[in-house]
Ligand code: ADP
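This document starts with one chain, in the form predicted on its own, laid out as structure tokens.
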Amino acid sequence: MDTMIHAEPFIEVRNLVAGYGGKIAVKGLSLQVAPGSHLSLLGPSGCGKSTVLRNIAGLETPLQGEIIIDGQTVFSASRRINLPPEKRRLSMVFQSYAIWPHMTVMENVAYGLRMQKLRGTDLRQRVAQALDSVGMGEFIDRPATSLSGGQQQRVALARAYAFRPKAVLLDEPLSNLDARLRVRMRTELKDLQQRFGLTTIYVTHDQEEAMALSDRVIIMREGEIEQEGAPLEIYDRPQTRFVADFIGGANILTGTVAATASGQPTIVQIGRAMLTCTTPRAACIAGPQSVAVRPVYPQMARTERAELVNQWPAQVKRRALLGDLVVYTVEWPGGTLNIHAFPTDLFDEGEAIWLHIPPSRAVLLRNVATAGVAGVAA
């Protein structure tokens, strides 16, 4: 796993163990967040990502481990340190927004600032600055009950930033918004994070959000880190079948290693096809092997190109036009393959084609699958 951080971490979690009622939800997790960077914790419901966030915030107490924020240990099980949330100088934005309906926008944003004993003109000026940063300045005196969902989310963000925290923690903050507003808000979130230079940890089950917002992504599964890296690295080089499926979807091809040698491409027999894979792998031995191929990378053509490696005669079995995207199901000597393409040069159902899988796009996975014919993950 690539866990290299090129700056002294602003937030560091070491061997975190956390759970509820005897059930362990987080199993010895460690992570680092560089100053001013955006880290997303991504995974399915119940994988422990929100538990990690709440433990960092001090809203829950870990069973084991250490949490360090800006060089200060805020929790250590072995040293019996556990700073309360208000002393950790973190802001948290929740899925529910936590906007108080009986207050005005001004009063909602000012709530945390009053705890810092800010009053009068200074208080209103700080609130106004925070609201302006999220495009809500004109709503300062509106009642909270008059706001739409997107406006409430902006107020929640303004409240988080007005506090001038050391870092912001966001727990699925966009999940209650409609699809179009989610896209707009994630762009605004990224702009705000970069403008203020805030260290940010973002919890989501939405892979598009994580890929669009993050400098680094941690994929979680059952309380542990499955893979960590930059978004494009995780997309192009998934290490396990779970990651390949969860991020972007992938064709998971299962077969048997036919040839492997140090410094040489690995050849995997998939059904009746010999698939050459040039992606690096630390240890690849003869036997069952899984290979991930993203649907955007296979190429379809009407004529053969003799110079290409990984080229086979194939047939289009199904075609579905989804707006700007065409989804093909192609039958090839390795079984079936899903391919995503632009509608610039359409292939017909039943049409004979030549299929090419670039060797660099055939990714050897760490987990070993049962040998057999190719499988497809949509």
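Keep in mind that what you see is a predicted model, and the values were worked out from it rather than measured. So that there is no doubt, residue numbering starts at 1 and follows the sequence shown.
This next part talks about the form predicted in complex with this ligand, which is not shown.
The stretch in contact with this ligand in the predicted complex, judged by heavy atoms within 4.5 Å, is 37-45, chosen from 61-69, 309-317, 37-45, 331-339.
In the predicted complex, at least one heavy atom of residue 25 sits within 4.5 Å of a heavy atom of this ligand. For the chain shown alone, residue 32 is not a contact residue for this ligand in the predicted complex, no non-hydrogen atom being within 4.5 angstroms.
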